[in-house]
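One chain is shown next in structure tokens, namely the form predicted alone.
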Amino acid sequence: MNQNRIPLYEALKDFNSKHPISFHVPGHKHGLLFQDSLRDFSQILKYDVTELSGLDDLHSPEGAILEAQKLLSTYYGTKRSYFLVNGSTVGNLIMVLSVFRPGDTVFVQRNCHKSILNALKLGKVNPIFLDPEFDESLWVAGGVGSSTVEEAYHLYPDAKGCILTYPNYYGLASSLEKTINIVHQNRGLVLVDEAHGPHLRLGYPFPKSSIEFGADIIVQSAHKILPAMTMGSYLHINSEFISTERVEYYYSVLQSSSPSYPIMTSLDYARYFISTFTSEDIQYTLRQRDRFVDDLKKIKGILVANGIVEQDPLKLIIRYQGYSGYELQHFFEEEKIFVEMADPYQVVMVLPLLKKDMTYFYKDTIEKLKKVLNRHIYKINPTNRLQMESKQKINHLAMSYEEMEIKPIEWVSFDQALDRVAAKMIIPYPPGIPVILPGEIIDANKIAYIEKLIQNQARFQGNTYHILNKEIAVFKK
């Protein structure tokens, strides 16, 4: 197929060239009602249409959307690929609900996104959580070791599959090949939340995609690295053992019946952008990145950290001596530099994929960083490391999802929560990876970790008032 095509954009452009008059939804009427107050914003709205003649239908594609999704599947080398307009969140829900049945035992990487956990609850499966390996260089959790998966199968030989996150928020991408082979040898299916890896299809020096390793079904957030709009993601079926019928049922049920044409068009463009990316473009991107890194390293107190395992070069992890990542994030924002996320030790920058001769704000960023860090001189202080360890690598919930639905909850102090069963997630956001899961026993190490996050002014998603008041929701005894 001709990857130089952008079929959905072409259909919309042709549609708009005919100066259509709207007597249909949406109510902004091709942006007309925005023009007096928000003229600049109104420009994109001529592409915000609905399922009109010639513009196809995401839930029953036969024209431009079908062609765009076929181009997507051809590029990634999958059995079938789909546009997602509700983000990777809906993709994770579709994956879990379409592959597993209520009561199935499923292995789940413990440092997964909250959307996976919500999917497990909706699907009423029996999750067995596998603790990831700890990266000693970055002081963060990485991927699940293959030996942990082997041990899990000895304990739970009837497990139906494994849900993995690859790469993680920090770009760490430990090889999945052995792990996927173990799951397949045990007649299981592998689901991968590859939200941070839509660009890995480019190949070296980027880590390999889980598609190449043989994962059965994969979700990617096109908007995280590729030039797609927020909420634009991809879902890939990569195995004959995945039921297309079940996937498409949940795809229809869970996605909006009024999908955004701007988001879909940006997904079509994102596929075009990466599929026409050349080796020359890759080298140009990396040269710009390396110069930026070299300039960062010349700033006293700045450290660019690298993981032990393979790492995505577009994820840059920056530390500033004597300060937490949250403090460093605040310093950056004083000069209107906004990073992706912070943790107690560092910040994460997501760098752009640049085609040859594209320019980015690298030089301006260096000058602004020098300026702001002159106001916050680095300090020679040791960094206190905090690692959230569990007593064992393989853990199950203390209470089933069915039990949790009928049990009353109460809020108690951190001290009173020890050895109780958690009723709600506690989620630092970003990255949206829960520290505490509903249904698990709360131990002292988890509480100490949350207290450290509070001390470092971490942001939490949901129930913030209670958390900052050192309260945790537990199920009543």
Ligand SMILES: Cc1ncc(COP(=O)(O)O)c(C=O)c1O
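Start at 1 and count along the sequence shown; that's the residue number. Worth saying up front: this structure is predicted, and the values here are computed from it rather than measured.
Omitted from view is the form predicted together with this ligand, to which the following refers.
Engineer: Residue-level question: is residue 255 within 4.5 Å of this ligand in the model of the complex, judged on heavy atoms?
Structural biologist: The answer is no: residue 255 has no heavy atom within 4.5 Å of this ligand.
Engineer: Taking heavy atoms and a 4.5 Å cut-off, does residue 346 contact this ligand in the model of the complex?
Structural biologist: Output for residue 346 is no: heavy atoms all beyond 4.5 Å of this ligand.
Engineer: Are any of the heavy atoms in residue 129 no more than 4.5 Å from a heavy atom of this ligand in the model of the complex?
Structural biologist: Residue 129 lies outside the contact set for this ligand.
Engineer: Any chance residue 196 has a heavy atom within 4.5 Å of this ligand in the model of the complex?
Structural biologist: Yes, contact at 4.5 Å.
Engineer: Heavy atoms within 4.5 Å of this ligand in the model of the complex: which stretch in 371-379, 348-356, 137-145, 85-93 meets that?
Structural biologist: Heavy-atom contact with the partner occurs in 85-93.
Engineer: Could you tell me which one of 208, 160, 124, 224 places a heavy atom within 4.5 Å of this ligand in the model of the complex?
Structural biologist: Result of the distance check: 224.
Engineer: Taking 4.5 Å between heavy atoms as the contact cutoff, choose which of 76, 320, 169, 272 touches this ligand in the model of the complex.
Structural biologist: Contact with this ligand in the model of the complex is made by 169 alone.
Engineer: Just to make sure I understand: among 226-249, which residues lie within 4.5 Å of this ligand in the model of the complex, judging by heavy atoms?
Structural biologist: Only 233 sits within 4.5 Å of the partner.
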